[in-house]
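A single chain comes next, written as structure tokens; it is the form predicted on its own.
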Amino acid sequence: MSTLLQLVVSGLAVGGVYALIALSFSITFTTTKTLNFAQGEFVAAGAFLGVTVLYLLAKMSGIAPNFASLPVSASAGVNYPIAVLAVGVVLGVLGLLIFLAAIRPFAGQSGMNWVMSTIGFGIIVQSLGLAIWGPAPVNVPSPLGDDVIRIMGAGIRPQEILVFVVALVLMIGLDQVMRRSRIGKAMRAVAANPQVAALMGINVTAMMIGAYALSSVLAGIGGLLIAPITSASLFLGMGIALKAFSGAIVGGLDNPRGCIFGGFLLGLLESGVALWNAQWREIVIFGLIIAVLAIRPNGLFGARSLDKV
């Protein structure tokens, strides 16, 4: 029972981050039919921006912290929420920049130039990060402390619970916004048919910018949430983004709820396989993806595409 509980809690925590990033892929794909292949670098940037804010707040409070290993007090009180807010603002601006620089110039053109453009933007972000922070990983304290909670014999870190709760709240909130608010309905209209949406008076460009900004915010917050569990590294995001994208593919890239399900599924599967044999983790995960796509090419909950002839 303790092993099963450990598996579920760890899987839901990691799966919550995968689900957030998978949802961010779905938001840009359904709205613009493009993907941000710099999302992994945005995850890492969010983690390091958060660490920088925590470091500056600790220094302002009279503490002389070590950036490579911040004290627990650096994340205490309102410091961590302030860091999350700052990461959201900066990553939102970064999302705006990548849309204007890497997506919009190729709008309406044939081909997939935006793929290399977003990859190049990600390399620029990573290179700037290396120049500013260096390649060394950084230990990030949890705002709830690092003491392990024992429940029925299972050791659970408070940050794992926080990650799951925050990810769940964000996903439920976004789901309600997308389904009930005017902005959400406008974004869904653009996703369905941008030409008709423009004729109905919807600012299509603004909705696309909003989609990329929101997608980048989710990536940055996901990076800051996972950093106290894995430590912050500029090479952290690639693996997370790849698995999150895999979760989106499994659930159905054009179905936001399916992407969320796929992210949690991969998190639970990864946690379960790691307890059994960590070396088989990637083999099982990507074997599952291949199997799902072989049976359902559009994912478990993706809409079937119809070709008119």
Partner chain sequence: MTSPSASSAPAPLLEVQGVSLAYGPIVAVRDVSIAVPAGSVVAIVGANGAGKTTLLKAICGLLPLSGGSIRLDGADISTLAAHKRVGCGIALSPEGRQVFPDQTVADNLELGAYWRNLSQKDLDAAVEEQFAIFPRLKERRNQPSVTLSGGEQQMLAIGRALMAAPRLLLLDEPSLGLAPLIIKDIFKAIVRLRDSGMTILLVEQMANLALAVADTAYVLENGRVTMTGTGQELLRDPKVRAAYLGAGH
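Treat the numbers as computed from the prediction; the structure is a model and nothing was measured. Positions refer to the first chain, counted from 1.
The protein also exists as the form predicted in complex with the partner chain; that form is not presented, and the subsequent description refers to it.
In the model of the complex, R104 touching the partner chain (heavy atom, 4.5 Å): No, no contact at 4.5 Å.
How about Q176 - does it come within 4.5 Å of the partner chain in the model of the complex, if we only consider non-hydrogen atoms? Contact check for Q176: no, nothing within 4.5 Å of the partner chain in the model of the complex.
Flag I202 as yes or no: does it have a non-hydrogen atom within 4.5 angstroms of any non-hydrogen atom of the partner chain in the model of the complex? Result yes; I202 sits at the interface with the partner chain in the model of the complex.
Is M112 near the partner chain? Define near as a heavy atom within 4.5 Å, in the model of the complex. No, M112 sits far enough from the partner chain in the model of the complex that none of its heavy atoms falls within 4.5 Å.
Can you check 165-173, 188-196, 67-75, 138-146 and let me know which stretch has heavy atoms within 4.5 Å of the partner chain in the model of the complex? Correct option: 188-196.
Could you work out which of A213, L236, V125, M207 is the residue within 4.5 angstroms of the partner chain in the model of the complex, going by heavy atoms? After the contact test, the surviving option is M207.
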